[in-house]
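Only one chain is given next, in structure tokens, and it is the form predicted alone.
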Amino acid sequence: MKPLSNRVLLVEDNPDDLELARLAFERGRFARNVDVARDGAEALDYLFGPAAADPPQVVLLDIKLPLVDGIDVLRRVKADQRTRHIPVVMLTSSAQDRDLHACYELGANSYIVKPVDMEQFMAAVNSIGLYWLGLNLTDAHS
């Protein structure tokens, strides 16, 4: 497994989901740094502002966000040469086909509908951490 220096950007406006995801990452010990953006504008500032020098290894992105929605954030991330290599996992409550198709068309790496049950939600985030931060190999030179 990779060392604990991995960085995750969690883009989530629901405080309950935010805390559950943080707890799952803490328990799974996949990421030392879980940075949080509570809306789409904050996520874009993080990805294209001063923090861009140390990009996250993976972005967990909700669709329904204030200010700038997750689909627009995904569009910007995958359109920019500096960020298009960053895996983006859509972690959302939307099970609508149009959202699913739009996200994959824009280059989402995965689309996961948030489980309603707390334990299932934590298990889903744990699986995301295991795969994207533990098993998946990345090209650091992308």
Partner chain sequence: MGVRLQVFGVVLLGLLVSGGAGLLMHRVEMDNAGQALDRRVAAAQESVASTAQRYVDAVQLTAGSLEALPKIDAASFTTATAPLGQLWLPGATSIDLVVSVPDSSVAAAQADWRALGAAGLTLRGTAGVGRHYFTVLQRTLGEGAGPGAGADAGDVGQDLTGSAEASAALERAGRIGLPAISDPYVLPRDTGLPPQDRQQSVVLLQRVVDRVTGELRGFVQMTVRMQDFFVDTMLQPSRELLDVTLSALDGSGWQPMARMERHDAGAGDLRRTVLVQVADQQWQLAAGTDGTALIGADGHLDEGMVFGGLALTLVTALLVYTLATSRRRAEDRVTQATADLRHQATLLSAVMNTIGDGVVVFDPDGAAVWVNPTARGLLGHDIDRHPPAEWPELLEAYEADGVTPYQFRALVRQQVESQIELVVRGRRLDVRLRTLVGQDGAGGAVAVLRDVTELHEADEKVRASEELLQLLLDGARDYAIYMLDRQGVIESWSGNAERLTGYRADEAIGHSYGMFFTAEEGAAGVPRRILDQAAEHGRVEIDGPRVRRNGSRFWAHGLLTAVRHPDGTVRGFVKVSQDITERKTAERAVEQLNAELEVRVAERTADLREANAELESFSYSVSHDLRAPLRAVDGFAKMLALDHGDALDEQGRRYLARIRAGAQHMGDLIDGLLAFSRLQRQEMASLRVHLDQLVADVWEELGVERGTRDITLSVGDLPDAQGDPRLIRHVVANLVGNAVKYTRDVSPARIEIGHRVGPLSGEVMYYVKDNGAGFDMRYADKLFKVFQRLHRAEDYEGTGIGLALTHRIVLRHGGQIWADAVPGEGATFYFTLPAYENTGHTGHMLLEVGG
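Positions refer to the first chain, counted from 1. What we label the rigid core is the largest C-alpha set whose atoms superpose within 1.5 Å from one form to the other. Remember, it's a predicted structure, so these values are computed and weren't measured experimentally.
From this point on, the text means the form predicted together with its partner chain, which you will not see here.
Taking the partner from elsewhere, Arg27 is found to have a heavy atom lying within 4.5 Å of its partner chain in the model of the complex.
Looking at Pro115, you'd find a heavy atom of it within 4.5 angstroms of its partner chain in the model of the complex. For the chain shown alone, Ser127 is not a contact residue for its partner chain in the model of the complex, no non-hydrogen atom being within 4.5 angstroms. Shown alone here, Lys64 lies within 4.5 Å of its partner chain in the model of the complex, counting heavy atoms only. Note on the interface: of 73-81, 36-44, 96-104, 49-57, the segment with non-hydrogen atoms within 4.5 angstroms of its partner chain in the model of the complex is 96-104. Residues Asn14, Asp16, Asp17, Glu19, Leu20, Leu23 are the ones in 11-26 with at least one heavy atom within 4.5 Å of its partner chain in the model of the complex, listed in sequence order. The Cα shift for Asp16 between this form and the one not shown, taken after rigid core superposition, is smaller than 2 angstroms. Superposition of the core reveals a Cα shift of less than 2 Å for Glu105 between this form and the one not shown. Superposition of the core reveals a Cα shift of 2 Å or more for Gln96 between this form and the one not shown. Between Ile71 and Ser94, the Cα distance is greater in the model of the complex than in this structure, by no less than 3 angstroms. By 3 Å or more, the C-alpha separation between Gln120 and Ala108 shrinks in the model of the complex relative to the form shown here.
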